[in-house]
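Next up: a single chain in structure tokens, the form predicted alone.
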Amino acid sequence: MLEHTQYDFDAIVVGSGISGGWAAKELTEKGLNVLVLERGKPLQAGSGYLGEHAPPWKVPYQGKRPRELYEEEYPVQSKVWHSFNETSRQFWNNDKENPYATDEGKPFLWARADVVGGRSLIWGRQTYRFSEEDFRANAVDGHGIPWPITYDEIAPWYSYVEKFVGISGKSEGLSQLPDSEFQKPMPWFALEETIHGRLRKKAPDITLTSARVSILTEDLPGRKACHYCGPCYRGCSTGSYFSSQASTLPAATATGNMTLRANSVVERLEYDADSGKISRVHVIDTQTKERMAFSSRIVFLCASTVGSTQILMQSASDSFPDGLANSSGVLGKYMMDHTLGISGLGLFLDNMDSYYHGNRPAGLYIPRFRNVGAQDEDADFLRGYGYQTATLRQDWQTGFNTKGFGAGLKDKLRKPGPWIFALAGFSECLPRESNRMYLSKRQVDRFGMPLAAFDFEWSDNEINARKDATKQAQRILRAAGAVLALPGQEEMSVPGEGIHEMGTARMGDDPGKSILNKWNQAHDVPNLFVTDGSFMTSASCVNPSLTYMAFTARACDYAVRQLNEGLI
């Protein structure tokens, strides 16, 4: 039967971050007329990066934090200490304008961007594949539901996105950390080579490798190799690190098929019970408060794990009273994040005649080595963790409170001190029904929509894995030759602090236990696809953004084939 419905667009993509940018690129390059809706402010790549390359004396307040402003308008975002300050504040959400809610006694840190490009501008750029063991974990130990696809099915899509993204790293041939399509790795410091050699002899179960990061070491079309200026979170006008702004949105723009609308918060998706599809996307202009609606043949939700699920919950109807596409009742549940924090610090007196040049924007990485292939007998937790490392030399800043006076003190501060090698553990979080997000029944935002709210706690499994990461870090630092090995922090990170929130609209084969099928397509609504972190069925212990990219590209390919065959 011929379809005579007229649509404003072929596809609407909600969100312009890592997933949204990929959806825009793939759908426009396949010939679709695409509207991209972004709740954040407009931002021009390059010219909008106000703090990029700014010397300290040109940074407002010389880099000091305006405490009253942060406490009043950025009480949450300002806790992201590694990338929020006066050089990057324009990228971030204003908590006073756009708040959220938490259950009493259960803090949750929801870090959000508020510009075109979303968190792709401020992400950590660590880029790893999930392994076959990661995709089998739920089925093996019974936590969560089985993934509906295997590693072999997604592997070609990892390769596809990696060639466009540009990932520097080193092949290791590990089953628990499959290799990517790599550009050459970044050079190591002399101390790191020393540590690498000692670990191979004294801790052969440990692999020390280059961090795999979406930062170019070789030019790609329209993007330059990294020049090691350092503070990536301020923006990168050379496009050396992957962001929507530098990579996918320009590709979508080049097709002539993309319309990008910033300052556009999605209020709800309208479901047509007769067709069984989404008929319109209702939008509020954040500046004028004007309400409008757009129609399309398919809708891709890429508004972040929390943002997309919030939209589905706000789109409840007579057909779906508990949230759109939620006949299973699991929408908002099985939320995950990664625990993180310093697991150990080592002081080294090797290679004291060497130093480093520039600001290499990534450290090294120690892949998961616990419970690989089978449960370790001495492990009181399931699954595992990996370490991201940092190497630095003590300098005048680390000795800022050193006692002394005059020329002698100045000479002392000028001389570099011992090396410091730090291990930061990232542990997997099990999917649990009790960890969830929901809509507040008492609080609304400035548009009258219910606030997103969180009810999330770490389980004993995450706590025990964290303790083990601290214990093992001491073993590794001693094997590496540290003259002093210090334990890391004991307290758990605040849920959400990993900025890896996942789950809440998970995929699975069983429509009674999942929101999405293996193609990121809603079981209940065939023209709805969700490809941000909300689709994740388990979390692994590695950074997840590369997996979002691969699944998004795969879902776009499937959706367009379905459209062309008249099945949607």
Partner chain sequence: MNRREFLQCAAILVSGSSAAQLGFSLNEEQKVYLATAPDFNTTPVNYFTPLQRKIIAAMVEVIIPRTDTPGAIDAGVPVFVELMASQWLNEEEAAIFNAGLADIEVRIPLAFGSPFHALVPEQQLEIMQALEDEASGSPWYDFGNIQRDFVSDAPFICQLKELTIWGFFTSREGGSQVLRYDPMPMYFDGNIPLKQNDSSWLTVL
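Residue numbers count along the first chain shown, from 1. All of these numbers come straight from a predicted model, not from anything done at the bench.
This next part talks about the form predicted together with its partner chain, which is not shown.
- Highlighted residues 86, 237 and 407: every one comes within 4.5 Å of its partner chain in the model of the complex, counting any heavy atom.
- 398 is the sole member of 259, 440, 398, 175 with a non-hydrogen atom lying within 4.5 angstroms of its partner chain in the model of the complex.
- Its partner chain is not drawn, but in the model of the complex it has no heavy atom within 4.5 Å of residue 341.
- At least one heavy atom of residue 415 is located within 4.5 Å of its partner chain in the model of the complex.
- Using a 4.5 angstroms limit between non-hydrogen atoms, residue 123 is distant from its partner chain in the model of the complex.
- Among heavy atoms of residue 444, none comes within 4.5 Å of its partner chain in the model of the complex.
- Figure note: of the listed segments 27 to 35, 61 to 69, 531 to 539, 504 to 512, the one touching its partner chain in the model of the complex, with heavy atoms no more than 4.5 Å away, is 61 to 69.
- Contacts to its partner chain in the model of the complex (heavy atom within 4.5 Å) from stretch 222 to 250: 224, 226, 227, 228, 229, 231, 233, 234, 237, 238.
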